[in-house]
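Shown below, as C-alpha cells, is a lone chain in the form predicted on its own; questions about how it binds or moves come after it.
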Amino acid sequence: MQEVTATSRHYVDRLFDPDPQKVLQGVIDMKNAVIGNNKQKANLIVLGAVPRLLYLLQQSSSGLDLRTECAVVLGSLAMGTENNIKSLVDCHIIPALLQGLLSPELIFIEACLRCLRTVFISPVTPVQLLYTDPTVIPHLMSLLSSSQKTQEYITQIFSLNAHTHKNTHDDAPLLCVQTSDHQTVLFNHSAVQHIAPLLISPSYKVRMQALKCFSVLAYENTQVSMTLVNVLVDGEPLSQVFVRMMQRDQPVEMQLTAAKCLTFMCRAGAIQTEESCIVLKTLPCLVRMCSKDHLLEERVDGAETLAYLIEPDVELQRIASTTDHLVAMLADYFKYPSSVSAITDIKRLDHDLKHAHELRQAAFKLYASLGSNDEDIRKKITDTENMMDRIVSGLSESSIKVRLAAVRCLHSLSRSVQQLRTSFHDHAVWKPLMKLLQNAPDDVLIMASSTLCNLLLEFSPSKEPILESGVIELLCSLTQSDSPALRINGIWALMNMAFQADQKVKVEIVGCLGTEQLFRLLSDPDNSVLMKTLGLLRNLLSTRPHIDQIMSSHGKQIMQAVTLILEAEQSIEVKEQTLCILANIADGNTAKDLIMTNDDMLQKIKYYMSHSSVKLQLAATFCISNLIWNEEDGSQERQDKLRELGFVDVLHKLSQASDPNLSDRAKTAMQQYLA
C-alpha cells in the first residue's frame, strides 16, 4: 500500500508543476495508470486529484489538449466504484462538465459529454443535476447535430442508462428513474423532433441510444406517446420504424427496446391493443425473448415487459398464453441455471447464478398477468409442473422482489373459485401467506392482504384454518395503517370473515377492532374504506341472536354512527348500505327497541322513504317492514306508534309507486296492518 500511495502522490504532485507541458504529460501518464485499476483510482481521489483536474479543466489558460485529457481522466475515475462517483459528484464535477459544453472546440465537448454520460450511468448520481439549470437541456439539444459522438452520448444521457437506474415501480420493466417532470422538460424542448431522425443514423450506437431514449420518454406518458404516433421518420410512421427494429435479423437489444417503445405507447393509450403492430409484432417478439436461447437478462426483460403489456387486456392474455407454449416455457425460468446448462463461460455462469432469482421474479410477474382474468389460463398455470410448490417457496425467498412477484402471482390465481377450492387448499397456501404478513414492507403487505381477502371468502376451504391461526388481530392492525390500500384490505378481509360467521368470531372481531377504531373507519376520508366498513357492520349484524348481542353491548355507539352517516353529505351507495344496517337492527328481537325509542331515527327513516332515490326508498321501507312484522312480540304497539307518526300514509303512497319492487315492498308492509 505504501508504494502505491507514493506513486499515486507522485501523479498528483505533477498536476501542480509550473510547466504546462509537464502537467499535460502528467495527466496522460495518470490516464494510463488508472485504466482498469480501481485501487489506483481510489488512491488518486483520496489524494485530492479531482479538484485539481477540475480546476485545470475549467482554466481558459489550459490548452485544448490538457483540458480534453483532464475530461478523459475524470471519465476514467468515474468508471470505478460507487464511492468514486460520490466523490466526483461532491466535488461538483457535473456543473464543471456542463460549463465545458459551452466551449467552441468539438473534441473537448465530446470528452465532457462522454464523462457526463459515465457519471450519469451510476445509480448514485442524482438525475436532477441535469435539470437544475434550465439552459442545459436546450443547449444539449443544439449539440445533437454536431457529430455522431455527441448524438450517442447526449441520447444516452437523456435515457440515463435504462439498466442501472432500476425503477422501484414494481410493474415497470427495468427503466431509469425518470420522473414525469423530466419527461415533460425533454418533451417541451422538442426531444421527440430532435431524436426521431437519429433512428435512421448510419451508426448502430446512435440508433440504439435514440431508441432507448424513446422507451424512457414514452413510459406511462400519454402526452409523449400520443405525439410519437404521429411522427414520421423519413416519411415512415415511427411505429413502423419500431416494427422494423423488432425483426429477427436485428440485434436482440434493439428488438427488445423497440418492443418496449411500442408496449409503452400501447399502455399509455396511444396504440390500441388490437392493432397488428401489437398483436402480430410486439407480443410475439416479447414471447420470443422468453425462450432458452436468450441470455438471462434478455429473458427477464422480455417477460417483465410482456407482463406489463398484457396486464390490463384479457384478449392479449389469451393470445400470449397460446403463443409458443409460453406457459410451459416460463417453467424453465425456475430450473436455471441447471447443472447441465451449456454455459462454458465461467464468468457468465457465476453472473447467472447470482441473478437467477431475477428470472423467477419475472416468471411470477408474467404468470400473474397471464392469469389475472381467464379461468382456463389459470388452470393451465396451476397444472404446470410443481407450480404451486414454486409459488409457495417463492413466498419465503430471501429476495424481496421475488416474494412480491410470487404473492402477485398467488393473488392473480386466488381470483378463481376453482383454484381456491383445489390447488390452494391442497398446498395449504395460507400458511406461508400468513408468515409473509408478519413484518413485510407495504407493497408486499398490500398484495398479501388482497390475496388473504380472497382466501377468506365463504366457499374457500382455507377460511377455517386461517381463522384458527389468530389472523383477526393482524387484520385489525392493518385497519390502522397510514396506507389507504392496507386499511381497505384489512377491513375487506374482516368483512369476508364476518360473512355468515358464528357468534364467537363476530364477538372477537368487534372486541379486537374496538368501537373507537370502527368510528374512525366510518369517518375515513377514503370512500372505499367507508363502504367496506359498512359491509363489515352489515355482516356482523346478521342473524337475530348476533344482532341482539352486539347491539346490547355496542348499540349506543352503532346508532350514533348510523345517525352521523345519514345526516352527512354522503353518496347514495353509502346511505343505502347504512339503511340496510338499520334494517338488520330492526330485525333483532331486542335491538328493535333502539330504533323504536329513537324518534329522531324514525323521522330519518320516514324522510328516506320519500327520497328521490328508489334505492334509498327501498332500504328505508325494508326497515319499517321489519319493525311492524306481525309474528313478533310487541308488533301491535310498534304498528300503532308508527301509524301515529304517519308511516301508513307514506306506505300507501309508495304502494302506488311506478317502480314494481318498491310498490311490492310497500304493499307487503301494508298487509301487516291488515292481518
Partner chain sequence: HSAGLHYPGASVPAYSTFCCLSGDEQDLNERLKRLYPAVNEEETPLPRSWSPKDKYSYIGLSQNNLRVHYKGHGKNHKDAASVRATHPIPAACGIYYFEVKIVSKGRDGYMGIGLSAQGVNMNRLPGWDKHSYGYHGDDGHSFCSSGTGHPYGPTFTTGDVIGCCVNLINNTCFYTKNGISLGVAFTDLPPNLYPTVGLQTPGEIVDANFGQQPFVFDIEDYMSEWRAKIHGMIARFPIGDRLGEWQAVLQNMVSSYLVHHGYCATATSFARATQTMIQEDQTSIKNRQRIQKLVLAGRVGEAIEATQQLYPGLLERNPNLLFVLKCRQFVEMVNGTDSEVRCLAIRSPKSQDSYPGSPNLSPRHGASNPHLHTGGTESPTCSNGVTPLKSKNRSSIKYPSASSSASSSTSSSPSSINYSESNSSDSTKSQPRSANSTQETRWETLEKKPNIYIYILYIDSEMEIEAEHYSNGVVDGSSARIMNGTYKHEEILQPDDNSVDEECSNGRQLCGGNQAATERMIQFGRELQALNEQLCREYGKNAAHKKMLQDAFSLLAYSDPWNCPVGQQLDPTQRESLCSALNSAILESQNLPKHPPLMLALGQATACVQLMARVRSGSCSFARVDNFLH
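This one's a predicted model, so the numbers in the text were calculated from it and none came from an experiment. Numbering follows the first chain given and starts at 1.
As for the form predicted in complex with the partner chain, it is not shown, yet the points below apply to it.
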item	value
Contact test, all of 279, 288 and 319, partner the partner chain in the model of the complex, heavy atom 4.5 Å	yes
Candidate stretches 319-327, 215-223, 197-205, 403-411 - the one whose heavy atoms come within 4.5 Å of the partner chain in the model of the complex	319-327
The single option of 249, 482, 468, 569 touching the partner chain in the model of the complex, heavy atom within 4.5 Å	249
Interface residue in the model of the complex among 237, 284, 555, 123, criterion: non-hydrogen atom within 4.5 angstroms of the partner chain	284
